[in-house]
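In the block that follows, a single chain appears as structure tokens, in the form predicted on its own.
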């Protein structure tokens, strides 16, 4: 990659295996909206307009001081070409990787990711985005033309009815209680230094966080590429495409470890996006 800065913009040239639209519209992030030929969002404390042309990504609103964190945010230093080669023996996964060749797993702020995926339970992407957008407008800091995600202290100070008014429904109590635990010292960043399974278990101690939400936080914000978020849809993929017959979380984890290894979470992202956008493939199985 070649990186330069001009006019309060970061310009990254020579990116391979990357599609901005696939990364931002695949259900792992909820605060980017499409505008013109690109996307606008508030991320990492910056109001950013992101646009891609070929192998060049331009991030307007990102200067040299913030450049390194956006390289990590978009996971641009990871060799996705090598990862794809490692899965070349898997025809179904290869089809998923070919369907979304530029898909990468983002590295998002842990608290934002945690609350976002608590909200995601029994929800759809459009509604999740609306709830989070309202939450940010009412309780987040104004940054440029958008709003940052609220701090834990801000959400901890709310009543459940405040969050119900944002559309959070039954999740409102979980959000307040989890935000209170984080505000009182639950160390989300410290989880990244733990072994994956210990970090995952620790996350499930938070209200509203089960194994699937814990895996989303582990994968999308803490760097655990072996984490494998598995909802009903992903379990159907494993059953119908890979012959999985297990019945519990331990059996699922053992199957995923054996089948996909250390980059199971990256494989999951391709499989989920492919299956969600090609539901007809299961009618022929």
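This is a predicted model, so every value here is computed, not measured. Residue numbers count along the first chain shown, from 1.
Keep in mind the form predicted together with the DNA is missing from the figure; the text below concerns it.
Colleague: Decide whether residue 120 counts as a contact residue for the DNA in the model of the complex under a heavy atom distance cut-off of 4.5 Å.
Modeller: Answer yes; at least one heavy atom of residue 120 falls within 4.5 Å of the DNA in the model of the complex.
Colleague: Would residue 207 count as touching the DNA in the model of the complex under a 4.5 Å heavy atom rule?
Modeller: Within the cut-off, so yes.
Colleague: At 4.5 Å between heavy atoms, is residue 242 in contact with the DNA in the model of the complex?
Modeller: Because no heavy atom of residue 242 falls inside 4.5 Å of the DNA in the model of the complex, the answer is no.
Colleague: Does at least one non-hydrogen atom of residue 124 fall within 4.5 angstroms of the DNA in the model of the complex?
Modeller: The answer is yes: residue 124 has a heavy atom within 4.5 Å of the DNA.
Colleague: Assess the spot marked by 107, 188 and 257: is the DNA within 4.5 Å of a heavy atom from every one of these residues in the model of the complex?
Modeller: No: none of 107, 188 and 257 comes within 4.5 Å of the DNA in the model of the complex.
Colleague: Choose from 40-48, 22-30, 53-61, 66-74 the stretch whose residues reach within 4.5 Å of the DNA in the model of the complex, heavy atoms counted.
Modeller: Selected stretch: 22-30.
Colleague: Which of these residues, 87, 147, 174, 196, gets a heavy atom within 4.5 Å of the DNA in the model of the complex?
Modeller: It is 174 that has a heavy atom within 4.5 Å of the partner.
Colleague: Counting only heavy atoms, which residues in 218-252 are within 4.5 Å of the DNA in the model of the complex?
Modeller: Read in sequence order, the residues that approach the DNA (within 4.5 Å, in the model of the complex) are 220, 229, 231, 232, 233, 234, 236, 247, 248.
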